[in-house]
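First, one chain by itself in structure tokens, the form predicted alone.
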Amino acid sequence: MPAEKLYAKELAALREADKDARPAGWQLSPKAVLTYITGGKAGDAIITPKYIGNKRLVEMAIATLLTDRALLLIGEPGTAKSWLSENLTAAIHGDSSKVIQGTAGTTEEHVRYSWNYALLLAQGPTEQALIRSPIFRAMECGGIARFEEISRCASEVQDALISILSEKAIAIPELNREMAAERGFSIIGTANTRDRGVNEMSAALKRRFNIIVLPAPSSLEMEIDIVRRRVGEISASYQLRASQPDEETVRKVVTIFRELRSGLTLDGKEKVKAPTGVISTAEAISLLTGSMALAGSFGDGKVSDEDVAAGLQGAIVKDEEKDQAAWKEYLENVMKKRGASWRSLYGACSEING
């Protein structure tokens, strides 16, 4: 469910309570957008935080979108780049659906426009035959387009984006016209720091963005809070027939992920072998949501250690040989020694790991 629908009541309350000036094309003032993202109150309504982290980074992101500069959010997987991008767009324009998912198969047509070839052959190039990209549609209405994982796109696709950000227009030679962006148009891009070297962004493209680096959660408690909130939101939208994982379960999962990610136990006393895959906050959220689906569909509706163990195996063991050995080593050298409170989860994990 898109953010503008998921948080429709909060956005409506903010619009009603918002007395500050709103920039052209914005449905909320910059201060109200900040409240929507970081949490607060709008009249009597409580606004839940969508992003938990450095408030100044959010202020910088909003300030960037007030200018003619595009915004690029960079960070490791699980740093809420896409989530922040979606919610910023939802708060500012009420429509986060204009999105391009960058992949190796993304072409210039996905960035600019393409044609309905049946109409093109029958009528020639006409407005009716033109298929507008999400960026094209955002330019028409002065909205915000989202471009996910830019660094996964080929260089010619990135070059097409440079001209759009520079000229704020798309030339359509077949129709002998140019599409100029309405005031308020911008692009929020995201890039994964783990993808460096895939299709490195050029200096020319980077210059056209204001770049904000989103850090990973700095503390165990912050990451637990993020995971707990997002699991609650996602599970509610899917209407899973299971109760939320308890605080202890969330803490165990986040502890495992942080230790495997850093290669060191939280107390700093023992090194652990890190798996080859990405052990991110997003993976922890997905794991616990999947555990709820298992508990609701095949259990008693309460997330058990067996449900969590099944998710851990899939999240950590991506490369069968290397990751299996690292995970087994962690089970025997770390989890097994943690006492009675971890015994049930250790047993369930060991049984699945074989």
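We number the residues from 1 along the sequence you see. Values in this document were obtained by computation on a predicted structure and should not be read as measured data.
Below, we turn to the form predicted together with a small molecule, even though it does not appear here.
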Specify the contacting stretch among 22-30, 50-58, 294-302, 311-319, defined as having any heavy atom within 4.5 Å of the small molecule in the model of the complex.
50-58
Determine whether any heavy atom of A145 comes within 4.5 Å of a heavy atom of the small molecule in the model of the complex, and answer yes or no.
no
With the partner left out here, check for me: in the model of the complex, does some heavy atom of L161 sit within 4.5 Å of the small molecule?
no
Report yes if any heavy atom of T255 sits within 4.5 Å of a heavy atom of the small molecule in the model of the complex; otherwise report no.
no
Is I285 part of the interface with the small molecule in the model of the complex - any heavy atom within 4.5 Å?
yes
Between G277, P77, G184, G94, only one gets a heavy atom within 4.5 angstroms of the small molecule in the model of the complex; which residue is that?
P77
Which residue, A154, I234, V99, I172, has a heavy atom that falls within 4.5 Å of the small molecule in the model of the complex?
I234
